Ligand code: NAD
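Take a look at this single chain, the form predicted on its own, given in structure tokens.
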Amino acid sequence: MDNRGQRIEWDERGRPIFPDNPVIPYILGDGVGPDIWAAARPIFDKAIGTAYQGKRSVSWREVLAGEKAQNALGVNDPLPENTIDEISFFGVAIKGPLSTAVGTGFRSINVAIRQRLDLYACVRPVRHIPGCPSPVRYPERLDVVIFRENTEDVYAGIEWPAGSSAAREILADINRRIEKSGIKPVLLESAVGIKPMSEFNTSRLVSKAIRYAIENERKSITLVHKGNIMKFTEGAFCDWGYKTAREHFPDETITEIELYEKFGGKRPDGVVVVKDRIADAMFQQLLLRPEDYDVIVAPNLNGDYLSDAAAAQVGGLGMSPGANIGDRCAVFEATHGSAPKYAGQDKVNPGSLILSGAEMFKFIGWHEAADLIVCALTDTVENKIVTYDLARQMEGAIEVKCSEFGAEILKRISQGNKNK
């Protein structure tokens, strides 16, 4: 344990109880990870120092994953057991992007971290930062928090390659089972994967989303699914979501049908409306009627797509924070990839990691530090001082490097977020 700091504790409802000097592990990340961490960390420390005048501080503790773990330890394992143990012990961590090969090699390190630590809720707040360029006319109308199930669905990683004996055996058994159903047999040379969904994992995700909505005075949660086609997986996700609300939050929730039948469409104060939408229609809704949606709850794959699509409406992944949260652990992260072609060029936007840090501080109750970060970043963007990804979409932008963008935010925290 780090002698300069303490680990967190958790209350009976799974909320963190943070000391004034916590140890927070961090994973530097692959590719551009070192660049964005170098820009973000001074901002975190300055915001804490400014907000609390030395009464609070963080002892940052590096833990290894990805290419750095393999190079430093001389092993082929990009996710050492000690890293999982450290994050689990200290309870809250932050990480840069980690590379994952497509089609071959080690299965996603990001997915492995979520599964090993049972971080079952991927939480992605998506809202517009004033001044950020957007492809839509009214980006400020989008203000949602997406809760994505993080441990099952096709991301469970249960699959076999085309032509393998295991795939052929499984498909032969499936064909026997559907022989009299009228469904066309599956080609035995197909690749095959399993899409597990359970009531247990759905219920705890929906419960966390409803609790978030209640505690943050959000008006509704929307279950997003493809249950019209996949009736026993995604359809069940929808059914289990309503069941969770009905059985565990009977006084705090009503359905969309009840809203109109019993209350004439006027939501009672303090009550969360539970509704559902088909996944493909939801993409259209986020573009045309984003103000109708508040907290979105989705299975793993749907949530992945929706998170990135929503982020594109408010400036892209470079300005999109994210977290993976369980009952006794949380890992905050940059939501974009490692972008190896830009590694070491001091070029990419560190905004995602910076805003993820702000979300982390909110999570532990350090709202003053979080507000300083968000306000300083917003002021920087409003003054059109941005990295290349935003500059190419803005007239009159002042394009700066990754480190320079961080320095501008740092300056504004020191100045009380006032232009000088």
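For clarity, every value in this text was computed on a predicted model and none was experimentally measured. Heads up: residue numbers just count along the shown sequence, starting at 1.
What follows is about the form predicted together with the named molecule, which we do not show.
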{"query": "Contact test, all of 39, 361 and 406, partner the named molecule in the predicted complex, heavy atom 4.5 Å", "finding": "no"}
{"query": "Contact residue in the predicted complex, chosen from 201, 302, 253, 335 - any heavy atom within 4.5 Å of the named molecule", "finding": "335"}
{"query": "One residue of 126, 209, 98, 224 in contact with the named molecule, assessed in the predicted complex (non-hydrogen atom, 4.5 angstroms)", "finding": "98"}
{"query": "The named molecule contact in the predicted complex: residue 389, any heavy atom under 4.5 Å", "finding": "yes"}
{"query": "Close approach of residue 110 to the named molecule in the predicted complex, 4.5 Å, heavy atom", "finding": "yes"}
{"query": "Exercise: residue 348 in contact with the named molecule in the predicted complex, heavy atom 4.5 Å", "finding": "yes"}
{"query": "Touches the named molecule in the predicted complex: residue 342 (any heavy atom, 4.5 Å)", "finding": "yes"}
{"query": "Stretch in contact in the predicted complex with the named molecule, which is absent here, among 134-142, 86-94, 294-302, 326-334 (heavy atoms within 4.5 Å)", "finding": "326-334"}
